[in-house]
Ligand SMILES: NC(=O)c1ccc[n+]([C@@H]2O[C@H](COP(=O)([O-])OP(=O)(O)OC[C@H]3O[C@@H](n4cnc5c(N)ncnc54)[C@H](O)[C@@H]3O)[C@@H](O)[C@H]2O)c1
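Read the single chain below, which is given as structure tokens and is the form predicted alone.
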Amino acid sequence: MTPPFRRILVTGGAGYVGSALVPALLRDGARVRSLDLGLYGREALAAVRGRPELEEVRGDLRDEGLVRRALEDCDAVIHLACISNDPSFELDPALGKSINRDAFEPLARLAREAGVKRFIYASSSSVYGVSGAPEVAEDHPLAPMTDYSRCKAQCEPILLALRAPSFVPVVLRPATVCGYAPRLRLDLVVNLLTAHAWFNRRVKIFGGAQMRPNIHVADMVDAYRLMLALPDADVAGEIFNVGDENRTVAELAELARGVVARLAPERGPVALEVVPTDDQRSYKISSAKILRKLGFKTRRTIAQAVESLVAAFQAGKVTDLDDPLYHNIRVMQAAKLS
């Protein structure tokens, strides 16, 4: 799957999804420029650092001069960078808004002015909030419940309004990503449940009845690669849900416990504990549109995502569940950005 673009700018290229996406794009034969603030260190792209097709730029999306330079000679953008997840955003809502919302319009506008042909935006399925619908499709009313998801929702029409024959925007609303990537996050539901099952042999289920959509990180990477490979007419101005399995939090906990027990029985039994929660976000997304229009279907299961995490734990790639590196809010607290 060779991208038909001269150079691809990946914002957040050293983040969780970016650390899996950038190497995949390089394997595809692309030239990639990663723009990342570098909050989580430089190890995420260590395996591909030094390749002539990769350029790493460290800096802040709010610096328009830096953004202009980063866009030079790029004709595609995959915008992943943001203050990610609700707790990190709520730590400093003004900061979160300045990066996730206020910096977005200049980035998109400057991209179009720089001659970028395709702009792929990572929104979020959390824009749907709470829904009792059997499944939520892209035309479902948005009801974001947090500042983080509201900013994600607000950026979508800003981007789509810039659509032109020479500037093709497309919006993806990913499910919650899971599985091992070089810049690992253990503050995402499947990853967190798996880590607790492995390290603590006790999994806390917060609530349990809430429905959550999920997707393996490798499938998410494939979705971005597809957005680059398809003709303009297939993706221009489109919004696509991208997900795989809709499961309750309790089901995800049982799955994590079962995989850990199967792959590492010597570690003993894993207990489950249910505790109350105020987090009532619950929805089941439908990914029928991206299958129908583009033929995209996930190829990995959530169980395989858990297996990839267990393999990383067994290999000693992760030795401390509480290392702040794996938890966005802890890094944000230490960074004290302004």
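Since this is a predicted model, take the numbers as computed values, not measurements. Residue indices: 1-based, along the sequence shown.
Omitted here: the form predicted in complex with the ligand. The next part is about that form.
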property	result
Candidate stretches 193-201, 246-254, 69-77, 123-131 - the one whose heavy atoms come within 4.5 Å of the ligand in the model of the complex	123-131
Of 285, 35, 309, 32, the one that lies within 4.5 Å of the ligand in the model of the complex (heavy atoms)	35
Contact residue in the model of the complex, chosen from 223, 168, 136, 188 - any heavy atom within 4.5 Å of the ligand	188
Candidate site 142, 156 and 239: all three near the ligand in the model of the complex by heavy atom within 4.5 Å	no
Contact of residue 313 with the ligand in the model of the complex (heavy atom, 4.5 Å)	no
4.5 Å heavy atom contact, residue 148 and the ligand in the model of the complex	yes
Proximity of residue 14 to the ligand in the model of the complex, heavy atoms at 4.5 Å	yes
Any non-hydrogen atom of residue 99 within 4.5 angstroms of the ligand in the model of the complex	yes
The ligand in the model of the complex - contacting residues of 59-91, heavy atom within 4.5 Å	59, 60, 61, 62, 80, 81, 82, 83, 84
